[in-house]
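Next up: just one chain, as structure tokens, the form predicted on its own.
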């Protein structure tokens, strides 16, 4: 298959996400368990928001037309209270604290710091005025009862959790987490709790991928390491068929002992790409094993075995598909939107030089402040350098045509 550009590979995955025809099963959980989950049921307002005209400031409720004269202070009202007196009349005012309902007869609230007040009288300070509607949030200004607040397919973060709480959603219907099988290949690997031999390394990829899957909302299942034989790899991939996604690390290059594509073809897999013009991660593979009489279809990502390559390609290609398999982007109308990778822009704090020809993802440190965001590479010894990767918090994206990016230039970063 031809080598795809990075953008072509991303578009290929997006087209498969948009074509997904089934949704995950659903389950009902408590609101306290819902952070990071994907909403499976539309949520509507149970009443107007706010349910009454609300003061967003500590101040004095009055009639705007009376603002130029001293006003008689009738009393005060706090959030959660209802004014029990008569409606406000000409020349009168009521102290209204933040969140309090605006009493009947008032059409404005003047902020506390804009008046002079004593126990009986309130007067606006010189130069201050009021106009009708000032500092009043009308009833239903944020939402009316029955309005759609959250669509199915929405990932629930702190803002969405707070909104759910505001409508009394103590229990929430969400999509089930997709199961992800994680299979590392290679005779050089040993389990993390084993002592490696002189020419062996511990299986870091499986645990890094499991953490990434869990962060995105999947259910990771780390499988035993597969030896570099055709028979072992065929058996391991066949044993992973129950998961909705399979992440393979290693065995996807063109080496003598790289049998991943061969094993996948034996199960009827179709490939959408078998290489992408990026560094690290050029040999990345994306495909699908069709459903058979026993198993549903399974989406497969073959990731290069070098640890930074594994993490870059998983973050860039596999995690958006995992979000889609978890129901993210599935609206009430049945149309699917394709979740994407998370990119941002920052200024380079130092110049960067690379060889052109590939889209490069360099481990980098993103720093941000009110003045803006800057980014610089951490420096690395290639795609096996886990230390450099751990010092980074993003990847600097260098476009394929660039050989040098100057200090201060705008740059794209892949967030993680």
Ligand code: AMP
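Residue numbers count along the first chain shown, from 1. Here the structure is a predicted model, which is why all the values come from computation and not from measurement.
The same protein also exists as the form predicted together with ligand AMP; that form is not shown, yet it is the one meant from here on.
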Exercise. Of 135, 306, 274, 244, which one comes within 4.5 Å of ligand AMP in the model of the complex, counting heavy atoms only?
Worked result: 306
Problem set entry | Contacting member of 203, 154, 279, 298, with respect to ligand AMP in the model of the complex [4.5 Å, heavy atom] | 203
Exercise. Using a 4.5 Å heavy atom cut-off, which stretch among 99 to 107, 80 to 88, 140 to 148, 183 to 191 contacts ligand AMP in the model of the complex?
Worked result: 183 to 191
For this session: Consider residue 218 of the chain shown here, and say whether it contacts ligand AMP in the model of the complex, taking contact as heavy atoms within 4.5 Å.
Result: no
For this session: Considering only heavy atoms, tell me if residue 311 and ligand AMP come within 4.5 Å of each other in the model of the complex.
Result: no
Problem set entry | ligand AMP contact in the model of the complex: residue 249, any heavy atom under 4.5 Å | yes
